[in-house]
Ligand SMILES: Cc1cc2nc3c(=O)[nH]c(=O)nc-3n(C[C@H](O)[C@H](O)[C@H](O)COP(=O)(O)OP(=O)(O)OC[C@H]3O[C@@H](n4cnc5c(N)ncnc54)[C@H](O)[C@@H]3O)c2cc1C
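Only one chain is shown below, in structure tokens, and it's the form predicted alone.
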Amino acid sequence: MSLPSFQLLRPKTLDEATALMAKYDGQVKVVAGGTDLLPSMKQKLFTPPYVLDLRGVSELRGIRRRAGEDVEIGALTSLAAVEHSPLIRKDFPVLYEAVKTVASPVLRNMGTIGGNLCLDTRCLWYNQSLLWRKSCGFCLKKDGDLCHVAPGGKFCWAAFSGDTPPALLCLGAEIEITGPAGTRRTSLSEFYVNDGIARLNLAPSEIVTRVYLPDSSAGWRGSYQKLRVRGSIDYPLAGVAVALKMRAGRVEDARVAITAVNPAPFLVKDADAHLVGVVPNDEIAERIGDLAASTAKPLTTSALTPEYRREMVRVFAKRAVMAAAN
């Protein structure tokens, strides 16, 4: 499979990138590391006339911490740089646990934190070659009007399958978005749309530029558990992140998030109500597992059955709670 024809745009500054996005509004795809976009372009899932290569915008790289302020991660910072950051490993272990599971070392060297946040949703009926999709009559997400996952439905169930977003949700992360109208900052939880097609609250001319980790989340214990067919390379087929603020063996605050089993990553509602004030044990962990499994809505978007993936969310949530507590 070869890439379609396109014109490559290579800005050197964020202002230049923003101007190009405005000029070619709706006709541009942004490439950072390219590990997700380029294979999809080869499958003809995207055929944009323009591709904006952000790699020359050096101001969007790096991890910075100023005393008493949030930790800032540039959107072009490689996943490998996040993984190997002593600051991230020490103060934000749930993000470290998640990022080290992304793909393989080679792909983490290329892939970026911003790109991982903006991954396209995935589905067994969508992530195929043009010839394969054509033989099936295409699908609701691309070129067709039929959902093979939920026949007769008009809602796309393609699953969001990023590893870092559930960890960042647990940390209360915010993101910076830049466009022709200026810069805005929003919580990560408001960035995602629970729709396999719509995906993100991001205008066609906007770019995710930075990630902010609240200083108040530093030091929280964390764990990330991931289901995949192979031990590396594969996207998650189910993922659970848990972050706990502990004092004297008891939980002071807690967040649980899931990924790869819905069109968006989600915080598990009311998980904190079962964890705050207690010493985590198997019974508490079982309750969190039940909550996480009830939040998960996997359908036949992968080769594994929805029932198995939902049950693994339950198992992983229990494991992650106990791992974070200990």
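Note that residue numbering begins at 1 and tracks the sequence as displayed. Just so it is clear, the model here is predicted, and its values are computed rather than measured.
Separately, the form predicted together with the named molecule exists; it is not shown, and the next lines address it.
Run the contact test on 63, 82 and 171 with a 4.5 Å heavy atom cut-off to the named molecule in the model of the complex and return yes or no.
Not one of the three qualifies.
Just give me the single entry in 280, 48, 289, 33 that has a non-hydrogen atom within 4.5 angstroms of the named molecule in the model of the complex.
For this set of options, the contacting one is 33.
Name the residue from 72, 234, 215, 143 that puts a heavy atom within 4.5 Å of the named molecule in the model of the complex.
The residue in contact is 234.
Choose one stretch from 198-206, 181-189, 82-90, 243-251: the one whose residues place a heavy atom within 4.5 angstroms of the named molecule in the model of the complex.
In the other structure, the partner sits against 198-206.
Residue 163: heavy atom within 4.5 Å of the named molecule in the model of the complex?
Within the cut-off, so yes.
Residue 29 versus the named molecule, in the model of the complex: is there a non-hydrogen atom within 4.5 Å?
Result yes; residue 29 sits at the interface with the named molecule in the model of the complex.
Residue 102 near the named molecule in the model of the complex, any heavy atom under 4.5 Å?
Contact with the named molecule, yes.
Does any heavy atom of residue 116 come within 4.5 Å of a heavy atom of the named molecule in the model of the complex?
Within the cut-off, so yes.
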